[in-house]
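Before any questions on binding or motion, here is one chain by itself as structure tokens, the form predicted on its own.
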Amino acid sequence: MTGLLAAAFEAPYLDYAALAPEMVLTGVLLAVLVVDLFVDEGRKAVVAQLAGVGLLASLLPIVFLAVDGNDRSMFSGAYVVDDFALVLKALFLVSGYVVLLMSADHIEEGDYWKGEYTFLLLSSLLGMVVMCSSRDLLTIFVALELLSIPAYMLAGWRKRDLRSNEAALKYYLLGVLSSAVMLYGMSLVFGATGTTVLEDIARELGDNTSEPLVKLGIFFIVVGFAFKVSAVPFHFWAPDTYEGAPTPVTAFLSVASKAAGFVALLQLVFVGFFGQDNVWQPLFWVLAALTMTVGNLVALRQTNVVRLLAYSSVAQAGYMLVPFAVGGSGDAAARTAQTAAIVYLLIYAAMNLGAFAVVIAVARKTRSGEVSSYGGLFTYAPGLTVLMTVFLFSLAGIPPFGGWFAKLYIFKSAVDAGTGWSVALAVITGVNSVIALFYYASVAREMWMRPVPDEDVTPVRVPPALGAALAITALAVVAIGIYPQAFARLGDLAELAVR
């Protein structure tokens, strides 16, 4: 009895090297909170600068762990630091840094609370970084709430704007509902297996799919995360939230927050539920087909560029769901599906953040989000026009920009699965890619071929921080399109071992 009590209260093993990125980011969070208390209102820019330096510092232990090359596990396999976790932690930290660059002048000129904004952004990023290593239902849920709660407040950051209030309220209420549904599904899986660790769940379930409780639990978990990634029919919060939130927050939600949902799904599906593919694979097939089709068709009707990019983001989520819909057809298909999903996440982050950075830059002059306000943009902002064209055609999957390579991997995962259903999904993906080109090209047509609506050809002033964000994202999109093998290698390194 004494031995059992001693084991129960024994301090858990902590690998501080493995936890270094989270520890550095937590230290930056505390530093931002303290510095904000003592810095005058006119010098609040130092808080964002401190946060940016802190995010770059958080990348250093990731580089060290990658060079070390050893997988590290804590809490009986509930928290794992491997190549998958490291690649995606780096994605979130770099994305967060780019969003901070995009936010610098926008938040300064918008009369927002700057210190609190930075603190909430970093808090949400911490949840995303934790998500990458979470291999347990409880840690996944805690990470999800840590990233979601600050995001709810950021969506309503323009507190005197009724649209921003509506955006935050819709996002919060539907987010809470989806979390409850997901938590209920997790409780059912725990009840059927007696464990919350994903590897143990896979071992307990094996290939047994006859348990109705397990089927229902997996269904509810997938539905909960379908909201987080704005999959149809759980997408209806996204357009209003994206339009009502400050544009840098919209960029953050459309990239980092969405990617966190896919990271959780990758771990749940390919570690915990891989043997239950006849439960989740048909569900993902329907979600993927619906999401890309509805997102693209509704985007065709949009006249506001932010809402257009919102529905584009919904459609992009549909493409990213394709590997899940075909990844249960064997170990080889699972590996190809994982690589496709991870590569798409990495490239999508660069091209979507870049598009929103251009939207922020153009809005500084036009004070409008309408597509018509982009008329004749090439006349007075040729650099921004070229960059926006690069990002839009990359999102459409047009060579030689990075998006073509992401689309190629998605098609490859569907075709390589070798089933009739996977080939049908590949055809649906191809048709949707053609549909998407119409609305991306419509924005390009406004910029290159239409006259300036108000005949004001005053050049657009791009602040240095926003210019740096544009340069980083444009360089990534072009470099990936020209030399995609580097990102393919990252996708291969980040594969999870299927159980």
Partner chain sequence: MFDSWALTLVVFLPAVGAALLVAVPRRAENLMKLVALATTLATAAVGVAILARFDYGATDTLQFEVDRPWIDVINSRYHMGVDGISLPLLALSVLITVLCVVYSWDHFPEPHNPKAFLALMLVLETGMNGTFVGQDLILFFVFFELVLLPMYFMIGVWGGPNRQYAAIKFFLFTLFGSALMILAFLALYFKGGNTFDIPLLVERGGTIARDAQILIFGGLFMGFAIKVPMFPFHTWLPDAHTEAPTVGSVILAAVLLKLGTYGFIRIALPILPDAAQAWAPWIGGLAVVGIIYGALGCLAQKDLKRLIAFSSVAHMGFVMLGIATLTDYGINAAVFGMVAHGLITGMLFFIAGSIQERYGTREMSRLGGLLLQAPRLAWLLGFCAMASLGLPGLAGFWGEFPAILSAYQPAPGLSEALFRVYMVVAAVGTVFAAGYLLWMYQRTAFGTAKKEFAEAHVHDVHLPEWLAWAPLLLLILILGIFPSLIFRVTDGAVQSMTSALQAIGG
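Numbering follows the first chain given and starts at 1. Small disclaimer: the values here were computed from a predicted structure and weren't measured.
Unshown form predicted in complex with the partner chain; subsequent notes refer to it.
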In the predicted complex, the residue from Ala426, Val197, Ala363, Met153 that sits within 4.5 Å of the partner chain by heavy atoms = Ala426
note = Heavy atom within 4.5 Å of the partner chain in the predicted complex, from candidates Gln302, Gln281, Thr389, Thr247, belongs to Thr389
query = Can all three of Val87, Tyr97 and Glu116 be found with a heavy atom no more than 4.5 Å from the partner chain in the predicted complex?
reply = no
ask   = Quick one: is Pro400 in contact with the partner chain in the predicted complex, heavy atoms, 4.5 Å cut-off?
value = yes
task = State yes or no: in the predicted complex, is some non-hydrogen atom of Met449 no more than 4.5 angstroms from a non-hydrogen atom of the partner chain?
result = yes
inquiry  = Considering non-hydrogen atoms and a 4.5 Å limit, does the partner chain approach Phe252 in the predicted complex?
reply    = no
key: Non-hydrogen atom contact Phe64 with the partner chain in the predicted complex at 4.5 angstroms   = no
note = TL;DR on 164-172, 350-358, 263-271, 408-416: the one with heavy atoms within 4.5 Å of the partner chain in the predicted complex is 408-416
note = Applying a 4.5 angstroms cut-off on non-hydrogen atoms, the residues of 377-395 near the partner chain in the predicted complex are Phe378, Pro382, Thr389, Phe393
